[in-house]
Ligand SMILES: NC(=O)c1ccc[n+]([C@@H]2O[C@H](COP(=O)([O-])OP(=O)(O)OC[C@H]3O[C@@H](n4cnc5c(N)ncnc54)[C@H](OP(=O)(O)O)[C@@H]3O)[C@@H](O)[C@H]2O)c1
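Here we start with a single chain on its own, the form predicted alone, put down as structure tokens.
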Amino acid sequence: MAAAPPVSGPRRNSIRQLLDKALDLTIAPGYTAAGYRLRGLSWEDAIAGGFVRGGVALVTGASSGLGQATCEGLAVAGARVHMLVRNRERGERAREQIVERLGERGVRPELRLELCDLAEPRSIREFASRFTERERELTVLVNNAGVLPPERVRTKEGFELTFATNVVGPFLLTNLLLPALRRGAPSRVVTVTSGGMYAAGLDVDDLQLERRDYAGTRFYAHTKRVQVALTELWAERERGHGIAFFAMHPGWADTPGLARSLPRFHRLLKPALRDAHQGADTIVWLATVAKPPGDSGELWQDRRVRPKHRLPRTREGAAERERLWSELSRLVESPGPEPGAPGK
């Protein structure tokens, strides 16, 4: 009996597109390690692009998990990587682990540790000032840091901690670094969101959900919805300045943050979870590929543009997004450069 002919390139791509569509429609299976493999993705392909080579990258939440894997990928791709962390000891350990792993491959990464508490606007302003004194241009910014505390916690400046870290931090940091991103153009900003945002609508009237009893996953999901809306706003306001803005969902990845924040979910789903590199795949791909096949402001998962909403009740309009910008600007008292204003 004759052997079946090998599957040709075009046919293989067609099969993968059908698999991808099926995984996207079923949602949860596509977030697993199996979904990553079925889509035919690989870490080596993710870091193959040359866009960031010779450029400067800044990654928040770089001491473990997706942030650490992202730093490794960007370093392999040839970037000078600044690892933004809150805890110096954990950051040093992460940097040493990357250096050791890449040293075995003959790669000598350029990694610099940066200290900043993204829950504290004062710390962010101080860091941004230090950073832009040393680095005039920025090629890639990855807003990855995030928290999901077990109870409602207030920061020194009075913000709810989840909101402060996941929303105020990236909003203020990105705005303060816009001049450097403009000088480094073409440049990119990648913000790491979560599939939980599909269940959350944008509540501009109660951004910190102060009128509700605290529920960690619900508060976290709301901040992730805000991040997607901000990505659209940045894309609109910075059109013509050479900065592309992307939100991305990493799937379900086995990271210290997940184990700490959602221990039961982590324990039950552990066999199906992606490793940190699989979760960081699309972050690194968006940061390094020559030209992403999609527009600025889109949401990505596993290297494809995905819907920003799956439920009609979560949709917001342009007016709500502008109110979001105004309210966040008021809260941090630093709206950043005006839309279209030239970098200095």
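What you see is a predicted model, and the numbers here were worked out from it, not measured in a lab. In this text, residue numbers run from 1 along the sequence as written.
The same protein has a further form, the form predicted together with the ligand, not shown here; the description that follows concerns it.
In the predicted complex, P186 stays away from the ligand, with no heavy atom inside 4.5 Å.
Although the partner is absent from this view, R260 contacts the ligand in the predicted complex, with a non-hydrogen atom inside 4.5 angstroms. Put simply, H222 is far from the ligand in the predicted complex: not one heavy atom of it is within 4.5 Å. Remark: V284 does not count among the residues lining the ligand in the predicted complex, judged by a heavy atom distance of 4.5 Å or less. Of the stretches 144 to 152, 105 to 113, 125 to 133, 209 to 217, only 144 to 152 has residues with a heavy atom within 4.5 Å of the ligand in the predicted complex. Contact with the ligand in the predicted complex, judged by any heavy atom within 4.5 Å, is made by just one of V192, I243, V167, L230: V192. Taking Q301, S64, S296, T32 one by one, only a single residue has any non-hydrogen atom within 4.5 Å of the ligand in the predicted complex, and it is S64. If you take 101 to 137 and check each residue for a heavy atom within 4.5 Å of the ligand in the predicted complex, you get C116, D117, L118, A119, in sequence order.
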